[in-house]
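Just the one chain here, the form predicted alone, laid out as structure tokens.
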């Protein structure tokens, strides 16, 4: 299995298929842009297109969910019931003057410029943006999975069980094949803080397949994570495989089995399944440096659905901005589209404040900036150019 760590990312070079020149339109002609998906890439793209192309584009959103959900704050849910921000798509649609189609994309007819939905409807487009995200797969049977319904309440229940005479032992697992592991460290740190404040005797252990914690962010970030976990009394096992056994036990590579009260794990992400785009096995979507789907003229993709190796919300917004600029130029806006140039920005919630991290993946040997003061503004969890100020205004 290829290592997903620092050395691999030091040598990361973006693959780019030959790009296409934007097809500029008459300024008075609206380009019909259909965006499929309901996450951060979709919302960032809509905001960017409104900012760059304004009335030159007719925007439609195809998303089954009634709400936009700001998922990075899900790690707070076990301890703050209303932590996650949810904004109705109807409110966003009114603000951005777009049409929301409450349905799910299942197939694309490239020749006819039509998409098919789960509800059996057809919708035409001039340009299609696939921001459908990835499929989340629970890979440790018996574990609670971050982001899945019931995980927050089950973790809180395991911590609050007062019948046990021993410390509550909770395992936090990042399995192989997960490129962005920040949430597992945050949840462990937030759990430690809650347990300390509640007077709960808890033994917390993080098991990760990474050679170093937060490996994709570089050695300085790894040292920060290791030190912060230690300061909160959290044990760390790196380069480790772990799974859940029956009867309240888990098996750990190199240690055998141990009793646990709960195990929380990150999901593994898999590519979407879209007729006309992916085969029956799914797979991540290959795009060029401007986000155009390989071999297609009018179909773009951004976010976790594409084949970029790191799946992270901030990168998804950068990909959406790249696509939006290319589409805006096609619509006649005076914009020079630039290729995707990934910069990782992350906020680590430690339970005692936040640490801000930044790493430029376009450099062969990137350094990591770390500060307890914001390295971007507004200091949102996802540093989207348009998303962050938009959500800040909505929630202020």
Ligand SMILES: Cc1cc2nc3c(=O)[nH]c(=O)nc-3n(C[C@H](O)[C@H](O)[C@H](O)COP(=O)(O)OP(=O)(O)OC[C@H]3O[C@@H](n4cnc5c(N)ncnc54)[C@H](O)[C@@H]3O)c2cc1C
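Note that the structure is a prediction, hence the values are computed from the model and not measured. Residue numbers count along the first chain shown, from 1.
Not pictured, yet referred to below: the form predicted together with this ligand.
Residue contact check for residue 174: none of its heavy atoms lie within 4.5 Å of this ligand in the model of the complex. In the model of the complex, at least one heavy atom of residue 74 sits within 4.5 Å of a heavy atom of this ligand. Among residues of the shown chain, residue 38 is one whose heavy atoms approach this ligand to within 4.5 Å in the model of the complex. The closest heavy atom approach of residue 185 to this ligand in the model of the complex falls outside 4.5 Å. Heavy atoms of every residue among 104, 312 and 382 are located within 4.5 Å of this ligand in the model of the complex.
Residues with any non-hydrogen atom within 4.5 angstroms of this ligand in the model of the complex fall in just one of 151 to 159, 199 to 207, 90 to 98, 300 to 308: 300 to 308. Of the residues given (242, 131, 324, 214), 131 alone sits with a heavy atom within 4.5 Å of this ligand in the model of the complex.
Checking 331, 62, 33, 46 against this ligand in the model of the complex, a heavy atom within 4.5 Å turns up for just one residue: 62.
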